[in-house]
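Below you will find one chain, with nothing else, as structure tokens; this is the form predicted on its own, and questions on how it binds or moves follow later.
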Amino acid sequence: MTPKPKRITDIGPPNYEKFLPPVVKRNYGQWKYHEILSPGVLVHVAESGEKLYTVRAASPRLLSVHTIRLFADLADKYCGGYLRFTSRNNVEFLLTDEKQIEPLKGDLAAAGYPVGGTGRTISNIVHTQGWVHCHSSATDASGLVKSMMDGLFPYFAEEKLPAKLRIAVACCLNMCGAVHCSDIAVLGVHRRPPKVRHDILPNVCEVPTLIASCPTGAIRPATVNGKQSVEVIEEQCMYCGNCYTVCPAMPLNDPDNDGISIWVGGKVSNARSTPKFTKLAIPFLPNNPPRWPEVVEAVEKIVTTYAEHAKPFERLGEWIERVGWPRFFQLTGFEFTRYHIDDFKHAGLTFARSAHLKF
């Protein structure tokens, strides 16, 4: 029987196998182990004896064409044209010749891109769009991340921490970044409901669609100045910005009241303990661009305190659970407020978070 020809389609992404380096294709599924040779440099060893070296460098999430061309030129020079980007915006160069590692690191350093982010370090901060693109952001992700990493850079390039530390930034509570389960989460918060622009709303918005867009039923029809409009029930508003998505006459941004909260203790790893969600550490800090000194100081305080007191291989959340939350607030000097009292009872006990099989 003649086999059917393979169907060719242009629907969806191309097959990932087309982009694998030859050494990965040859040893696919046959890797024995990997080691971290130094911060930012790994080696994967296959059963065949072949080795694949990875050099990880930091990069900004928003890349210019010049930066992409630089990375492509370095990949052509050292890696046969092969590189990859991680989910945390690091760029990784994939080499088969160990002698090329140091020259590549030298070229990256000369261009201003540090190597690190593996092992007991802080990897690149994953973050959301911020003011550059998102219509519902309460803070600027890119500028805030730049300010934080300027202070935390030594923890990226050197293994100075008890375990790996993951930081994430989401510029509003919709959290399209990985802030729910990072060691330190920086979250932009709105504190006022949308402002209704009654003068233009009837001309630019469909009122039934606008009312239906609110997940908590906080928007209701109203008549203002003889025209059909809406009103917002503040007690029911959760500041998600969903209404502004369908109606530009409902802006949510408020320079005087928008700010930042900091959450700690989350992780995705299933090692030693189950995955954890973050918990509130600081309910509000002001938006102070361009350098956000209050936020940077708070994050640096958490990192340095964790580095000083945690045991080897202990993640931030595991350390806090061991010493207790009162001790955490005592060591960091953060104020405990009524906002820290969790009234969402038993959620952490009932969510199935572990990947372990249970019978």
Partner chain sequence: MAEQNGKSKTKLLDELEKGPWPSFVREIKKTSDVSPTCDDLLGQLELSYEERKGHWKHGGIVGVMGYGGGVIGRYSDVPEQFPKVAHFHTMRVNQPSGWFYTSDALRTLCGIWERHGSGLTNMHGSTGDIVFLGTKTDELEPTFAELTKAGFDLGGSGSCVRTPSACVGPARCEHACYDTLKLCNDLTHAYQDELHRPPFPYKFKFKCAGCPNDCVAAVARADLSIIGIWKDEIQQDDAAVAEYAAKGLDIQKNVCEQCPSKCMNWDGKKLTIENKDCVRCMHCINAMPKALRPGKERGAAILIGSKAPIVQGALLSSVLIPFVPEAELMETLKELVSRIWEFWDEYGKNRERVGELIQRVGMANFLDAIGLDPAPEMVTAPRDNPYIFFREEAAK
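Keep in mind the model is a prediction, meaning the values are calculated, not measured. Numbering follows the first chain given and starts at 1.
The discussion below concerns the form predicted in complex with the partner chain, not included here.
Proximity to the partner chain in the predicted complex, taken as a non-hydrogen atom within 4.5 angstroms, holds for one residue of L62, L331, L37, A307, which is L62.
Note on the partner interface in the predicted complex: the residue among S229, S261, N242, T121 having a heavy atom within 4.5 angstroms of the partner chain is N242. When contacts are judged by a 4.5 Å heavy atom cut-off, I68 counts as touching the partner chain in the predicted complex. Not displayed here, the partner chain is approached by R272 to within 4.5 Å at the level of heavy atoms in the predicted complex. Using a 4.5 angstroms threshold between heavy atoms, T96 stays clear of the partner chain in the predicted complex. The closest non-hydrogen atom of F313 lies within 4.5 Å of the partner chain in the predicted complex. Residues from 155 to 175 that approach the partner chain in the predicted complex with a non-hydrogen atom closer than or equal to 4.5 Å are F156, L173, N174, M175, in the order they occur in the chain.
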